[in-house]
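In structure tokens, the next block holds one chain alone, the form predicted alone.
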């Protein structure tokens, strides 16, 4: 029973992190129908911005718990700026073009963001351990866990509930749903498509930066961290179904629990579990767990 409890906790913690880093990617594809490879670069910028702000905040000797607010502020600021710049400056020129072109453009933006992080922060690692250390540890099933890991559960849960409320309970969210189902009819009904696109992409960029900022205290922030993240985020949204936020949540939970079980029961399979889950789901559901068939104009 203790081992099952540990597997459940490990799986939930990893799933919460996976949802944080994949929710923005799923949201952007759902509305813009663009596979945003630049998502990994936005994650990296959020991690660097969060780490540098936390280090500066802690050095100033201010209220310790304020470091968590510094992470949030860094994520929102960097996501808002980059989301607006990338969408208005680059992506809006690719709407209606071939998906391959859009993929190459977002990959180019990813490479630019990778170089931007090196220019702004250098290549030396950043250590923003203060929030991680500050919250201490908690004992679960005989094992000490950092409380910061459980904070990820709260952040991921709050993010999921916030997105659900935004999409289902606000007027703008209903416009987003309309655009997802039929952008042409939405325009005919008077929906400002450009406004929906820029708002959605900016929100997705903030979510990517949020994942990076709250990951920063758990790792050493170094160049290249966005590469692995974009691969994992794509795996999650493919398992859940491209463009489905519910699918991203369920996909993250499924992958998190399977990976945790592999770590404790069959460690040799740990590196392959994510891709094994993806392959198994696609064999049964080629569009993902919550994917739906889309009508495309030829």
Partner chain sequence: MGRGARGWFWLAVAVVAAVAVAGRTWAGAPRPSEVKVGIVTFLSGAAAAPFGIPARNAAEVLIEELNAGRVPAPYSTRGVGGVPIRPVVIDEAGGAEKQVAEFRRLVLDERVDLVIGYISSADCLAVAPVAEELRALLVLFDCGTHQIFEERTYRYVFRTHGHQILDNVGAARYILRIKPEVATIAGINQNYAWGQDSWNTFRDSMRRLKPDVRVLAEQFPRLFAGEYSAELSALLAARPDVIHTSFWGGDLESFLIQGLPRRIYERSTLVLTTGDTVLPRLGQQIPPGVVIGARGPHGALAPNVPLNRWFREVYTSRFNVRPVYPAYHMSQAILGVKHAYEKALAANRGVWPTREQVAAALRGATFETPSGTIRMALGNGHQAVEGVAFGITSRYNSATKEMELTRVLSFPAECVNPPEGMKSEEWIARGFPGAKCP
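Bear in mind that the values here come from a model prediction, so they are computed numbers and not experimental data. Positions refer to the first chain, counted from 1.
The same protein also exists as the form predicted together with its partner chain; that form is not shown, yet it is the one meant from here on.
Trainee: Taking 4.5 angstroms as the heavy atom distance cut-off, pick the stretch from 184-192, 169-177, 219-227, 199-207 that is near its partner chain in the model of the complex.
Mentor: That would be stretch 219-227.
Trainee: At 4.5 Å between heavy atoms, is residue 127 in contact with its partner chain in the model of the complex?
Mentor: Contact check for residue 127: yes, within 4.5 Å of its partner chain in the model of the complex.
Trainee: If you check in the model of the complex, is residue 263 within 4.5 Å of its partner chain, heavy atoms only?
Mentor: Taking the distances in the model of the complex, the answer for residue 263 is yes, it comes within 4.5 Å of its partner chain.
Trainee: Even though the partner isn't displayed, in the model of the complex is residue 143 close enough to its partner chain, meaning a heavy atom within 4.5 Å?
Mentor: It does: once its partner chain is placed as it appears in the model of the complex, residue 143 has a heavy atom within 4.5 Å of it.
Trainee: Using a 4.5 angstroms cut-off on non-hydrogen atoms, would residue 267 count as touching its partner chain in the model of the complex?
Mentor: Within the cut-off, so yes.
Trainee: For the stretch 104-123, I need every residue with any heavy atom inside 4.5 Å of its partner chain in the model of the complex, listed N to C.
Mentor: The stretch 104-123, when checked against its partner chain in the model of the complex, contributes 118, 123 at the 4.5 Å heavy-atom cut-off.
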